[in-house]
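Just the one chain here, the form predicted on its own, laid out as structure tokens.
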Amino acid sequence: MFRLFVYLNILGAFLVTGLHIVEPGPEYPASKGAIWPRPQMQSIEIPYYKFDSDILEIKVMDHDCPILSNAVQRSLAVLRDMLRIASPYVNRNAPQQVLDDDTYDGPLKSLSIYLTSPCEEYPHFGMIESYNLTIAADSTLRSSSIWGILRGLESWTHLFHLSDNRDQLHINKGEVHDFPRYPHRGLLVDTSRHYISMSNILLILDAMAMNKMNVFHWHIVDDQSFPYQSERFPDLSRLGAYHETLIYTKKDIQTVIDYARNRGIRVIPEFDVPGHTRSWGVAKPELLTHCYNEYAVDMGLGPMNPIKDSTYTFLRELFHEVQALFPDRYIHIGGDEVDLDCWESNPEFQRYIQEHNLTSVADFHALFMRNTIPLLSENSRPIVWQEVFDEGVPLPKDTIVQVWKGNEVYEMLNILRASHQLIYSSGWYLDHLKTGGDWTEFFNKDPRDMVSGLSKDINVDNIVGGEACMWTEVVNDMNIMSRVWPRASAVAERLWGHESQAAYQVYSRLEEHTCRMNARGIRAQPPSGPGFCLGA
């Protein structure tokens, strides 16, 4: 009997510890009025103010410009939409909000905006994005830069939250002093593997502004298609695009640039050379190299031909056209995944190696980059993928190297020791999927923290930021928004927000921010588990 008693107790203990009790409701209840990304310094008080569009006045007290006036109108529209979207969900049976209690400080009367320097025409690397925001009956927003004002206005809209019965919009008294940790906070979007419509590109820019990301890295062409419509070389898209309608015209590109500029976002184009250029060869086969197998059979076209002068003549004209259209000082010229075996298989290249005493086929990569970088416009700054650095290609000191492969700590240390700036992407590939809630994988990557303290001869500030990368082999207009957001929001938080927080502190805020994006037309997927967003 005693043995049976012990056995039953052990079995009971096992069964109890194996229980999984599920409570009703959201797995992570959303926060209310939390700024995304988390500000560097913020104080929130209990007293609150009520939003009334008939009372609130937004005053521009100092410098003004169309970028600022447009941003003000967008912010007011956001607040009005919050009430409009919530109106079908007002809890008519709940007690009306009491507005004469000790925590209610009256209506929000004004927001005075102090922009202390003239507006810049375009966002740029190293721009000032800091701001100071004070929430009171008469609130103030201050910055020395239009870009800081844009970030502050975005934070201001995040602070508003619905009352318990959802018929009022409240904002708590408080202070925000904020600035980004990294100057380069980007999102790469590949529009070659699948064409992404203009409407979705503009929505992506809206979402980037909500997440305070400031670089749209436009990987516009690749092996599969050439959707960029060149005025100088129209056959490139006429023959290389998937379809004559699936292109980006000069007008389209200007629309993207202007839309991004009004949201403080830089647009950096990438024309990846000498590899990833097969679509170029549909119209310009003479640009590319013939590849041979071991039986000297021509297997088709590979990377650009680096030993023809005509290759560089063409690139000079194309790059000058592109850089006249895109105002940013930086241009990404790729350099990754070059098929060196193709060059090595070509008899013409074999003779060239002997005649010019080259030590390896990798020297062709160095030759190509050494001849291509000077083709860029004066005062340009190149960005390249890490292979260019890894293969010993001589690079100007102001070249930024983008790290994307494994063993990223070793890679970053080598780049930093060479005194180059770098941007990090290795752990932020959005096409790599795991079971729901994988945003924590992205959030837990902090490139400066990875290398900090590992070497005395590096400057971690030369890690100037990073980019989440949306490669589109299996992504198109139907799923790009839900694939990117809110997963890229975790990258945005890491690149801007307070460095000391852990992932477990983020769940509730990300729930609210996802609903916020949904309400503004961004079809972001649920971030972490069961929950809901009203009106979205």
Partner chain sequence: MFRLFVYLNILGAFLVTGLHIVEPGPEYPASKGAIWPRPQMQSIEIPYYKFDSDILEIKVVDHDCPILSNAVQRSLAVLREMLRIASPYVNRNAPQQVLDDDTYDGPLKSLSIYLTSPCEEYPHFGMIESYNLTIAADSTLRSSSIWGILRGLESWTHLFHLSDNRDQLHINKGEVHDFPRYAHRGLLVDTSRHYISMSNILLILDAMAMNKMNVFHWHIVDDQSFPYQSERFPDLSRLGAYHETLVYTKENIQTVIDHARNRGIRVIPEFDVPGHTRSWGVAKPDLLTHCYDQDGDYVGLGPMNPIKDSTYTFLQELFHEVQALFPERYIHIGGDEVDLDCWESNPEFQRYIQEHNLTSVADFHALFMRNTIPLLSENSRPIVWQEVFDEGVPLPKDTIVQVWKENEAPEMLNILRASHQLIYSTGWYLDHLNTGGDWTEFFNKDPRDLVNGLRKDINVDNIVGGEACMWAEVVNDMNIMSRVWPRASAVAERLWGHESQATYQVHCRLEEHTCRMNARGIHAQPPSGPGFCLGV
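Numbering follows the first chain given and starts at 1. Being a predicted model, the structure only gives us computed values, none of them experimental.
There is also a form predicted together with the partner chain; it is not shown, and the following applies to it.
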Among Q323, Q224, Q421, S139, just one has a heavy atom within 4.5 Å of the partner chain in the model of the complex, namely Q224
Partner-free chain; cross-checking the partner chain in the model of the complex, the single residue of V474, A503, M41, I44 with a heavy atom within 4.5 Å is V474
Only one of 391-399, 145-153, 435-443, 413-421 has residues with a heavy atom within 4.5 Å of the partner chain in the model of the complex, and that stretch is 435-443
Practice item. Verify the flagged residues Q73, M198 and L367 against the partner chain in the model of the complex: is each one within 4.5 Å by a non-hydrogen atom? Key: no
| Does the partner chain come within 4.5 Å of any heavy atom of V282 in the model of the complex? | yes
Check: Does the 4.5 Å heavy atom contact test between R483 and the partner chain in the model of the complex come out positive?
Finding: yes
Examine P88 and determine whether its closest non-hydrogen atom to the partner chain in the model of the complex is within 4.5 angstroms.
yes
Worksheet item: Do I373 and the partner chain share at least one heavy atom pair within 4.5 Å in the model of the complex?
Response: no
Applying a 4.5 angstroms cut-off on non-hydrogen atoms, the residues of 279-311 near the partner chain in the model of the complex are S279, V282, C291, Y292, N293, M299, G300, L301
